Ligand SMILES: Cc1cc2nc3c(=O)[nH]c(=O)nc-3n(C[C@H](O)[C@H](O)[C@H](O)COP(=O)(O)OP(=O)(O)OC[C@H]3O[C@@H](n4cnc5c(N)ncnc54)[C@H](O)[C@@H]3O)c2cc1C
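Coming up is one lone chain in structure tokens, specifically the form predicted alone.
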């Protein structure tokens, strides 16, 4: 946390009365900011334009089915999101694996060689992955050896080196002996799911951060967790309950039209029919929306926010009349299918099985009609899962997030702003801000902590709970 207080000069009157804040945006970043501020005694109003909280990690009803808009997972190293789950009393509803285990099915491999696994032992880093790599059937012996050498080289990179941001991860991998097959069967298997881009489109800085933190920091860092209930249970119902308990005023279906700094040094936040006054305002909205709300002079180069690209995620949902998958999830090779999760129990389905396919970096498919996607993906599921071949498809539908994440392209790091702006009392939050992480739930929560820290520092309010936050989750 940064102890610098850019907003000096608060008068005694402002310090003596209860501090107030408005948080614009009810995604994970906004919820986290609001809770962290309220926990320090700030009177918070959270404003969200949608009829629900949760941002892009939400649920909706499709008949009797409760559907997540997309599959979201987290890792044991995601200490901020783990804190969030604890804070909203949802940790038991989204447990972690006891130990990393990812089944990987190769649709093109010979029978008996189709299933591989990425897993770990209890040995120290990097030996914890040695057994898994040595027995991984989707790479040759020579490719496995070169993967090990590249991993050690990656571990040696300095994440604080700004030069990494300008470099291309795919080029770096090729320079370190990685074949196209190795990139597909290992590096992109992990990287596409976490970065929402293939190696050739990814910043080396972000890719190195993902692999160093997730796979090369602690033996258990990459153990996977996911919600066993609909995301709306965690990010909307339980989050709203926690906000209510903390004294946060939550306004849904309410859009902010403008913000302005008053002559008395306080902020006015305009919503339909009302102006909300506050000592601090946090814009926890997507970068383009933040750009449109920022007052003149708040950032040196506000147009850079518009230069942060976006990347889509396509989610394909298939309901069968019987059980066709015995595992909770798997990843696929040799197929357009990427990751498949069993969402039967979480969705409330009582008969049959509901599979959700998460397709990241989906630029080429995001606008394709449902009929074309059905023709492509149902045969692919039959190739991967023999049990589907005699099963009836009861429902097939898609959800599309065209701007699901920011694009992790080389050079994006210099475009991502920090929490503080040049306007006193105005802060930014969102997975797209300078958290050092790619666009994940972890990055969103971390951004909310950073924004709350900056605001509390300026307001002279207690921040000890923020310093302890990540230690508690570890």
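Numbering follows the first chain given and starts at 1. What you are looking at is a predicted structure, and each value in this text was computed from that prediction instead of being measured.
A second form of this protein, the form predicted together with the ligand, is not displayed here; the remarks below concern that form.
Of the candidate stretches 59-67, 37-45, 410-418, 424-432, only 424-432 has residues with heavy atoms within 4.5 Å of the ligand in the predicted bound form. Only one of 101, 86, 345, 401 comes within 4.5 Å of the ligand in the predicted bound form through a heavy atom, and that residue is 401. Put simply, of 150, 73, 357, 259 only one has a heavy atom within 4.5 Å of the ligand in the predicted bound form, and it is 73. Contact between residue 254 and the ligand in the predicted bound form is found at the 4.5 Å heavy atom cutoff. The shortest heavy atom separation between residue 285 and the ligand in the predicted bound form is within 4.5 Å. Not displayed here, the ligand is kept clear of residue 455 by more than 4.5 Å at the level of heavy atoms in the predicted bound form.
The closest non-hydrogen atom of residue 315 lies within 4.5 Å of the ligand in the predicted bound form. Residues of 111-127 that come within 4.5 Å of the ligand in the predicted bound form, judged by any heavy atom, do not exist; none qualify.
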